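Single chain ahead, by itself, as structure tokens, in the form predicted on its own.
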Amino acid sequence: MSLTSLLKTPLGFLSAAAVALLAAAPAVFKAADLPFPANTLLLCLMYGILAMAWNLLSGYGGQLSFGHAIFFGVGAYTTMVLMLYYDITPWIGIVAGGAVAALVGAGLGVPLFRLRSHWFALATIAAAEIFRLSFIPWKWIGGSAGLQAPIVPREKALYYLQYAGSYVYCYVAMLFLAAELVVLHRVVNSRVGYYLQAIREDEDAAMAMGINPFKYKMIAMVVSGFFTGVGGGIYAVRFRFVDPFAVFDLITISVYIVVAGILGGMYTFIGPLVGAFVFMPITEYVRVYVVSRFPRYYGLHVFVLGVVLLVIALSVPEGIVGWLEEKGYVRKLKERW
């Protein structure tokens, strides 16, 4: 189908409109001086990258991971170290961070893929905690104090990817998200994607059919780790600060990724991205506007988020996109492609 014909379909038109709106949003926010919506949009894009990457391993491959903070932290630290110690532009550092995270994923896959089901999930939590504790005393990368990027002159802003606010970083995140969507779409619609789904449904049956589960789970781990590391690199250049407590955090990194993926629909391609665009605005609104009214009650935002997520989970247990497919809205649009 040609691009012109595709745009004439309802789904093609809606997709084009969404992309156009998304591309215009940062410029509109900057013109109107709205930093909060711009930062929220950046978090939606960043967690969209993370959730899409997580979904390849956990949704398609059936390997439920609560340890993706490992890849996020490694990508963030790699980007920051290359910039501070070796004067390498973050444009290269972000990709390098993804590559190092992918190598870490390959190394972790060897012992972790010996485990299945809940044992794999528990092992990923333990591995993430090991990484966090290992980075705290590591003085070369700042130890528990972390690393902070200095403010550079305006003429070097493009090289060091350093700008005020989240506006420019939204476009950087869009660029990497677009690349991820292309790569993951090719992966999940290839033999690798079909084999991963077969492994998810019944690993023993997949082995009986001649599929090597370790090989294809390892491919999923490496690709998933790469894009999660890219997300960590985007975080590092935007906030110009990394420490073990922030980038290896179980809740705000690993669990948030899982929630976004499940909320949007972990057995669908685009579901995790949708989940990120629903979950992060709720999270940021509660954190900024609800918690600020009750400063004495530490952790109130987590309680409120728990209630919101419980209601959503009871209403749409298959995720937002899964619910749309069940109701026939998405399926009807797909039939017109």
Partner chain sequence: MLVSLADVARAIVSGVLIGSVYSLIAMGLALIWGVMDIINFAQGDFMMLGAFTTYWLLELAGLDPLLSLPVSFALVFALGVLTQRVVIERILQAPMVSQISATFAVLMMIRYGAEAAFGPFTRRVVTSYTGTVLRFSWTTIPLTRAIAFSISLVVAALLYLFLTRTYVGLAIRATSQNRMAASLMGIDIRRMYMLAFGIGVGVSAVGGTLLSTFFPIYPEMGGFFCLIAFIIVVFGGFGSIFGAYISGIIIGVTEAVSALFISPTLKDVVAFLLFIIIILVKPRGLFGARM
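Numbering follows the first chain given and starts at 1. Please read all numbers here as calculations on a predicted model, not as lab measurements.
Omitted from view is the form predicted together with its partner chain, to which the following refers.
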In this chain shown alone, the residue from Ile125, Leu175, Ala164, Val152 with a heavy atom within 4.5 Å of its partner chain in the predicted complex is Ile125
Could you work out which of Ile253, Val74, Ile94, Ile262 is the residue within 4.5 angstroms of its partner chain in the predicted complex, going by heavy atoms? Ile262
Looking at its partner chain in the predicted complex, do all three of Tyr297, Leu310 and Pro317 come within 4.5 Å of it through at least one heavy atom? yes
Taking any heavy atom pair closer than or equal to 4.5 Å as contact, tell me whether Phe66 reaches its partner chain in the predicted complex. yes
In the predicted complex, is there a heavy atom of its partner chain that lies within 4.5 Å of any heavy atom of Leu112, even though the partner is absent here? yes
Is there any non-hydrogen atom of Met266 lying within 4.5 Å of its partner chain in the predicted complex? yes
Evaluate Val288 for contact with its partner chain in the predicted complex, applying a 4.5 angstroms cut-off between non-hydrogen atoms, and reply yes or no. no
Which one of these stretches, 44-52, 270-278, 301-309, 29-37, sits within 4.5 Å of its partner chain in the predicted complex when only heavy atoms are counted? 301-309
